[in-house]
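In the form predicted alone, a lone chain appears below as structure tokens.
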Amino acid sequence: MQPDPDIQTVSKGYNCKLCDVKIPNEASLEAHMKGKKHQHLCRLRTKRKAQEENSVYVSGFKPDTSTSKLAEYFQQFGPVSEVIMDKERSLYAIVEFAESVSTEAALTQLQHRLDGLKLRVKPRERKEFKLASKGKHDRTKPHISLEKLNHELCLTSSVNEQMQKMVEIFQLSENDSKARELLVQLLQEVFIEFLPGCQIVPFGSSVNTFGSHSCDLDLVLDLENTKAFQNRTRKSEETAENQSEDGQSEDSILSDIDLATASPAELLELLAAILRKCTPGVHKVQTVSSARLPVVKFSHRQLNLQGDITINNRLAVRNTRFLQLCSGLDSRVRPLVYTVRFWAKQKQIAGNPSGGGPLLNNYALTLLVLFYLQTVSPPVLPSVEQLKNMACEEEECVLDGWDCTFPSQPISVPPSKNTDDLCTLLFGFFTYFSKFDFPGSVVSLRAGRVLPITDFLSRDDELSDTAESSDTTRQNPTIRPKLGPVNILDPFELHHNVAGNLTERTHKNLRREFCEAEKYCRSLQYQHKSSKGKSWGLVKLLAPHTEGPSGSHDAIEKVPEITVPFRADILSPSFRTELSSAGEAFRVLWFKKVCSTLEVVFNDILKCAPSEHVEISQDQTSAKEDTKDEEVNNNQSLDISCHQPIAHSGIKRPLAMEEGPSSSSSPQGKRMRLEPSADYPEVAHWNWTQIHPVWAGRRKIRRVLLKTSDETSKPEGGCSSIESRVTQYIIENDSNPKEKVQFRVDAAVRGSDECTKAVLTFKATDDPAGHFQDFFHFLDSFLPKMVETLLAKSE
């Protein structure tokens, strides 16, 4: 690999200065440098460097000089791309040209004069490109320090009062609300000048009663009336009723774009142009067209507010009305939501600082709280379907094909019969979700109950309406929600999983924190105020997450382990249908398919041979005789049984044979017994021998073979045929194989209480030359991709 100035060699691997990450080995380094984040930052750095080279710094002009006037002056040197002016801190502007030759021409000229004043023009300052620190832009920090917050909480007399205090401290103040209202009015006045009839509508935390000091201002630009205005204008133009004297339309922007046919990207650029050039105080305007709902981000200097604008996003506005209704139905809702949100941020399981990320967002957290209040007995909140039945005919609402009907006022909903206090409800929330089967369930606020994930695994064109109420109006009923470790359906847009961004690691951390919180809430320290002045109640619960001393202990006992996660989206439609019909046994059926696929990878693609000797672990003495007989008969075969599995970190201890269901009554029960059991996981064992170094130089050989092949280039592990050819090439050119690696693979399926996955534990049984570690590092990235590739093709 060619030396890269961004890569620094350290004692334990490498450090990428551009991305500010550590990389353990060379194989991971190559994958990192080809990754999306690194490549994006390289492109961004190149773009910023080009902008600096094509820009000049200008000062000395009059305070009332406009950006258009500066642009007009510098046009004489070449096309001007953009003029950025900052008049607040110091009187200067950055003029960016389209070409570097224009920059040189402007700098070469000795004197520049504008409006009788001499301009100072010099090269733009060169700055080193650095990845912005997350902490620098983290606006999730409260205005109150943690020490002061703890002091305020300790002054109260009960957990109930502490939770009420959380609302008082973090809710939007009157000044915050007025600042947001002023910015909405400003934007409305500006946009209506260019887009007659448009409406700026706030949604999200600023108006849903769950906002905090640091929340962004989320806005929707509704262009429906503007589209109607444009149609009327064009019809009148055809009859010459609305023409100016020179025969041109009086509305320049609407004459340049057709709102009915314009793409979202074109509308966003129009939006961004109005914000940049015509809105006082607005800066840092950025379009994000790659987001699920494309937005324009901006900041306002004087009001110190950050905002997002989306176009025609009426569902978001309706969601906000729904949260407002839930807040008004019961006074306990807001204290619960504020407490849970702050707890989740402190534990680093929520609050993505830069927008996108693998953590929960506030909306998903709020829906979790509302869902718990729907399922507690007796319920605090009704389901969305129940709310729909309470609405009158005038309140019926269908947006984008989704039924969004619910009462407009809380008075239409009967009060809850639940009398639990806040302390009890918070304890119940943590208890409920500490035992919740997130990967095997779908949270549905519409139904007010948990839906089995198997309802969402069938063919796209055969999706069962049982997943939601049959009378629900649905748009695109064949679109499945994106399934993941945590599945929370939007109350109205039923194919949107609002927690679809979560990773397996986030889910693991989420579950751990739920269990820790539930454990703490059982203690007297949570329930009663300390008479000795010690921390009590919410104070300890809301303490920031810290890495405990157990981390080093875990590292000592860490064993070579590879995980193959359950991903419904990559499975073939027929196999998803098969899993759907399997009901609660879908994990075992999927695991059986994974095991068959693993055999193909090791045997057919990597050309591993079955070992002649099989080592029986000492902790499997109860199953020793049965396993020994089977391995003598067929070393290569898969051994899946209901005998006691090898102990794995993180897997629940299986019940002893006398505790659980009988699984040895029949001699035929030794092989391929795949009956589901919640008490102990299914397991599989292989013993393989690898004679040739199939991991050495593999990427280079792939590139060579692809040049002489009709196959398209795919990531390593993305094509079974080319990977088989690479292995065969290595074997044919390994003229004198001397060293071999014998290893054992133990597989177990995990689920129910954690993310569904197959966990493969590796152990070298004979490795005289020490090749096993290199082989395992190769398998760590290769094996999961290869298994998913084969599962996608499996019928």
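When you see a residue number, it is the position in the sequence shown, counting from 1. This structure is a prediction, so every number in the text was calculated from the model and none was measured.
A second form of this protein, the form predicted together with a small molecule, is not displayed here; the remarks below concern that form.
None of C215, I701, L270, V295 but one reaches within 4.5 angstroms of the small molecule in the predicted bound form through a heavy atom, and that residue is C215.
For the residues Q346, S205, S383, S434, the 4.5 Å heavy atom test against the small molecule in the predicted bound form is passed only by S205. Heavy atoms within 4.5 Å of the small molecule in the predicted bound form are found in exactly one of 423 to 431, 311 to 319, 436 to 444, 146 to 154, that being 311 to 319. At a distance threshold of 4.5 angstroms between non-hydrogen atoms, R587 is out of contact with the small molecule in the predicted bound form. Of the heavy atoms in Q162, none are within 4.5 Å of the small molecule in the predicted bound form. In the predicted bound form, none of the heavy atoms of K592 sits within 4.5 Å of a heavy atom of the small molecule. At a distance threshold of 4.5 angstroms between non-hydrogen atoms, Y363 is in contact with the small molecule in the predicted bound form.
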